[in-house]
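Included below are C-alpha cells for two forms of one protein chain, each presented in isolation as structure 1 and structure 2.
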Structure 1
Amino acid sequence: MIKADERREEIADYVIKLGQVRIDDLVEHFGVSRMTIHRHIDRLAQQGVLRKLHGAVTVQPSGLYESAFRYRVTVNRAEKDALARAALDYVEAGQVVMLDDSSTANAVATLLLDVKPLTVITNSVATASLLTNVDELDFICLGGQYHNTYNAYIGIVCENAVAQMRANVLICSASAITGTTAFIQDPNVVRVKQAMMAASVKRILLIDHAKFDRIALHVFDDLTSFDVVLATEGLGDARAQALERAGVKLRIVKTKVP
C-alpha cells in the first residue's frame, strides 16, 4: 500500500505538471475517495505547495520553482538523509566532489562540512547557498542558464563548463527507475547529468525506493554505469536480487539510524 507522503508527492507532481486540476479529476486519476484527496491537498496547501480553489487545486502563485523544489526537499526527508549519510562513505578529504541539482544531493551538502578539505562543484543554487564562504572548502558553482523550476543552472554553457573539469566523485539522483534504467523528465537536465558522469571517476547514484516503477520521459543512464547505487530499504528482496543479477552494484540503505 502506497504511503501517504508518496501519494502526496504524486499529487503534487501531477498538479505541478498541469498547473491546475479539478478535484474530480484527481479522484478519478488516483482512484481514491474525495475525502482522501482533500486530506492530501490540505496538507500540501499547509506546506505551501498547492492552493485550493472552489472545486479545483492549483500550483501556488509564488511560482513553479517554489512549489516544486521547496516541496521536494521536504518529502521523504528520512530517506534523503539516510542516503546522504551513506554517500559519505565514498568521499575522502582532499577530493573533488561533484553534486547534481537534485534535492537528494542537496542533502549531502551540509554533511560534506565534516570531510574537509574538499573541492565541491555543483550547478545547484540551493547547494551553493550552503557551501559558499566555508573554510577549507573550495567551491565551484557551474554557470549556465538559470532554471527556476530546479533552482539550478542548466543548458549548453553549463555542459561545456562541466566538460572542462574532472571530479573524483559524482553524487547524483534520478527522477524514476524502470528496470535497470534511470530516467529524468527534462532533456536539458539529462545532458548536464550525463556531462557530469563523463567528467567523474566514480559515480554514485542515490535513489529512494519509491522512485522505482515511476515514469519520466528521458533516459539518463543504465544503473550498471554507476559504481554504486544506494537505494533505501523497501525496495524488496526480489527486486534487489534481480538488479544485482543484472550487474547493478546495489547497496541497500536503512532509513532509521541504529
Structure 2
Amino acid sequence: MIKADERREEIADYVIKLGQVRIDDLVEHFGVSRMTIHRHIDRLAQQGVLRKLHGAVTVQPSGLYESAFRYRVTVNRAEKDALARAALDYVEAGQVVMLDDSSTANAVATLLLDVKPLTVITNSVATASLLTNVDELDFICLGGQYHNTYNAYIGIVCENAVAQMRANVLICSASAITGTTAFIQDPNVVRVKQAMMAASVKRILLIDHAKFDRIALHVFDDLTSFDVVLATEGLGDARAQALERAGVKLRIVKTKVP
C-alpha cells in the first residue's frame, strides 16, 4: 500500500525531470512489467500529474506546473473523485463549463478531458495547467490578481471578465455549510464566485460532508440557489432530510466504488 505510492512518486519525479519519457524506458528503468507501469501512470494521469500519449508520458507542457500543488490535490481524494464523477452527469459535450478555484472542481477537470469537445472557463491555475494544449478543448482563463493561497486569479479584473461570459454549467465548491447557507473565507473569492453564479445557467455545488456544520467569514449563497447540491455520504439522514425539506436539491454520492 505504501510501496505503490512511493513507486508512483518515483515515476512522477522521473518523468518530471526528463519532461517526456517512453513507456518502455519506464519499464526498463523500474524493472517492472509494462502493465504495472500502465496502471501507475493511469493513476498519475487521473490525478493530473502526468499526461499519457501513445507510447509515452509527458508532464504538462505549459511549464505552469508547480510541484507544490502536485499532492495538495490529493487530500480527501476518494471523496473528491466521487463527487467529480457524479458531477459529470450534468455536463454534455459541446457545452461551456465554468470551474471555480476549488480542488474539487480541479478533480472534475481531469475527467472533463473525456467529454470533448468542450469550452472550459476557470480562474484556477492548477486547472489551467491541466487544460492547456488539449485537442478539441477550447480553454479560457479568467485573469486577475494572482492569489497565492488559492493558486488562482481573483479581484475586480476577474469579476469583470466573468461578467462578459455565459456558461451552461458552473461547477464549484464552498468552504463551509451551516443550515442552508454556503460560506467562503475570502471576500474577494466570494465576489468572483457570485459573479460566476450570475454568469451560469445551471449551478452545481460539490461538498464533502466534512464541511457541514462549519462556518467561514463570508456568506456565499443559499443552497437553494443551486440546481444540484452534490454531497458525500456521511452527511447523515437527519441533515439530508432537513435540507430537502428546506427545498435544497440534494443528491448523495457514494464514496465507495464497488
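When a residue number appears, read it as a position in the sequence of structure 1, where counting begins at 1. Throughout, rigid core stands for the largest set of C-alpha atoms superposing within 1.5 Å between the two forms. Since this is a predicted model, take the numbers as computed values, not measurements.
- One chain, two forms displayed separately, with the form predicted on its own being the first of them, structure 1.
- With a cut-off of 2 Å and the rigid core superposed, L223 has a Cα displacement that falls short of the cut-off between structures 1 and 2.
- For I16, the Cα coordinates differ by 2 angstroms or more between structures 1 and 2 after the core has been superposed.
- Once the cores line up, the CA of D25 ends up 2 angstroms or more apart between structures 1 and 2.
- Core superposition places the Cα of H54 50.3 Å apart between structures 1 and 2.
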